[in-house]
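To begin, one chain is listed below as structure tokens, in the form predicted on its own.
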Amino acid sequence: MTNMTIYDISEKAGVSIATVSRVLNGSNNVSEKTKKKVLDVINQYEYTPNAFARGLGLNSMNTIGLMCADSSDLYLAKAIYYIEQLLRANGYDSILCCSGYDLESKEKAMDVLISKKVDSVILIGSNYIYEKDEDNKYIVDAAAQVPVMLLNAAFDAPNVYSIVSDDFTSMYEATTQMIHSGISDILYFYNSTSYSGKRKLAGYRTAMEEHGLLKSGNLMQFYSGSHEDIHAMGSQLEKAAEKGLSFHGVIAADDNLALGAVKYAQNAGLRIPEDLAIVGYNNSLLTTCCTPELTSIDNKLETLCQHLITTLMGVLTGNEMPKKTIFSGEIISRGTTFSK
């Protein structure tokens, strides 16, 4: 067989990818029986280790490929910063590809990184996972050659590792807390239908439905404009109010959208939080850029990045590592909501 992958070897030998890696690295932490099974497959198919040395720490380039959709996005930019710092501390360089949001561009970006003989690819952000299996083939194909790490998205495939923030629970708790503060007409303001975006929306919906408060689909407002156009975000809420939609709370899928809600309230002469309570998401630097300061959900981005790199370093040295790790977020209360 030509063009064999590490996955092919592990599958035919009936062992994990990490076990194949340990055998090829000459680790003593493998039984003779298991080692023989792996070596028999390698000999049968005339496999030579250099074919995938980059994914196994053999003749490594010590370079990791990073992909993000848009590096001007505050959340993604911060994640890139943390990841690059952590990689450098572990002796790895990085190559960044900004793929955009369409599937074809993501596939091309992945091909570019694999062609650079990177040791792994890190997909930063939740928009890389699709509902249709065939749309995720580019990830499966890449993972047959090198480990693929997902930041804040989950996908079950060989040699793919997911580090996730529990967006559902965070949004559920934020919505429930606002309801308990006495606000029943809460608008959800969002701009993404990615893996993370869907989990956030589901958390809001579940909390509202449990209290019998989701009486209008208009309470879920999707914003499709630029993530930098705060005025447009505010205008959308203004138009919704002019059409008769009543809301005294806004929970936003990111801090940019929450600032749009602050802008709307200021233009409408509403008091915050007395007339309109607002919660953002990501706990970014934007939370202190408005008056009053913004209550926001801290999704523990730095912790996620640290664990992702720890997991990656373990994988690259042939250790068994967890395929999926979930971290809880935390509501950071400031002046745009009533204190507990």
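Since this is a predicted model, take the numbers as computed values, not measurements. From 1 onward, residues are counted along the sequence shown.
This next part talks about the form predicted in complex with a further copy of the same chain, which is not shown.
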In the predicted bound form, does residue 246 come within 4.5 Å of a further copy of the same chain, counting heavy atoms only? no
Residue 205 within 4.5 Å of a further copy of the same chain in the predicted bound form, heavy atoms: no
Does a further copy of the same chain come within 4.5 Å of any heavy atom of residue 61 in the predicted bound form? yes
Can any non-hydrogen atom of residue 293 be found within 4.5 angstroms of a further copy of the same chain in the predicted bound form? yes
Heavy atom within 4.5 Å of a further copy of the same chain in the predicted bound form: which of 180, 132, 116, 215? 116
None of 149, 153, 230, 201 but one has a heavy atom within 4.5 Å of a further copy of the same chain in the predicted bound form; the exception is 230
Listed range touching a further copy of the same chain, judged in the predicted bound form by heavy atoms within 4.5 Å, from 161 to 169, 205 to 213, 141 to 149, 259 to 267: 259 to 267
Since the partner is left out here, which residues of 85 to 103 would have a heavy atom within 4.5 Å of a further copy of the same chain in the predicted bound form? 88, 93, 94, 95, 96, 97, 98, 99, 100
